[in-house]
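Just the one chain here, the form predicted alone, laid out as structure tokens.
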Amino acid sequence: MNCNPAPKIQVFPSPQELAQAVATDWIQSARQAEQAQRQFSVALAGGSTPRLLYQLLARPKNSRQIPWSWVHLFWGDERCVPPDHAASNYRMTWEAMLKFTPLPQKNIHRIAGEIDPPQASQAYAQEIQKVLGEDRPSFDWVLLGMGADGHTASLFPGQTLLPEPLGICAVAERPDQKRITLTLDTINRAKRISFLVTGAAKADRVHDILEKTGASKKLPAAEVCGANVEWLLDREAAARLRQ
């Protein structure tokens, strides 16, 4: 897919510096939303680099600057497990950030991974519609990671997706488990989309997608093509990009 405009690319010396830059943007964006008297909706990602971000946001010096009552948190995907399960993206976010911040409980919109997957997918789509107030909802910001296989959220190469009737969410059929994920259409409607990608294991896929090699055609992350997409990389993940 040819993205127009082309995605922005930023390279940071380390995952920590990448996370700090995103944390600074988060604080500024949330404060701007407060000034405009509008909510700030963010779909979160799982993984080690987002965890660094969440830990930074939870630090008192950062948390005190965030108008949490205006922030609404969602998740880009979730495994079909209870919220206290070790594999839960919600649990990771809770342990890294949520339990340390004054974010109102009503502003936390988790995926009910513990219930029947199609039911969870449909219920989450309805929740997103209700909170964002749109038939075709558009998040302010979607944070994404990328696996070494080129997957993002729970959109994997060659997998079967079972969308719910609204087309906002889907059940992802995985060999090991089922997951709930935002659909590509929902991700691409976001006002801002940020890939947070670190580590040498991701360098080949980053190269394929950003240099538009033939291999990228089969990678879900290459299909993320909204109006404002950025790739935030550390040096290891960007190692194969042309300078």
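For every residue, the number given is its place in the sequence shown, counted from 1. Just so you know, these numbers come straight off a predicted model, no measurement behind them.
Omitted here: the form predicted together with a small molecule. The next part is about that form.
Engineer: Quick one: H72, H85 and R110 and the small molecule in the predicted complex, is every residue within 4.5 Å by at least one heavy atom?
Structural biologist: Per the other structure, none of H72, H85 and R110 touch the small molecule.
Engineer: Going by heavy atom distances of 4.5 angstroms or less, which of T49, S41, S194, T186 would be at the interface with the small molecule in the predicted complex?
Structural biologist: The option sitting close enough to the partner is T49.
Engineer: Can you work out which of P163, G147, P137, P117 has a heavy atom no more than 4.5 Å from the small molecule in the predicted complex?
Structural biologist: Of the listed residues, the single hit is G147.
Engineer: Looking at 95 to 103, 120 to 128, 164 to 172, 150 to 158, which stretch has residues with any non-hydrogen atom within 4.5 Å of the small molecule in the predicted complex?
Structural biologist: It is the stretch 150 to 158.
Engineer: Is there a non-hydrogen atom of R205 within 4.5 angstroms of a non-hydrogen atom of the small molecule in the predicted complex?
Structural biologist: Residue-level check for R205: no, no contact with the small molecule.
Engineer: Is there any non-hydrogen atom of R91 lying within 4.5 Å of the small molecule in the predicted complex?
Structural biologist: Output for R91 is no: heavy atoms all beyond 4.5 Å of the small molecule.
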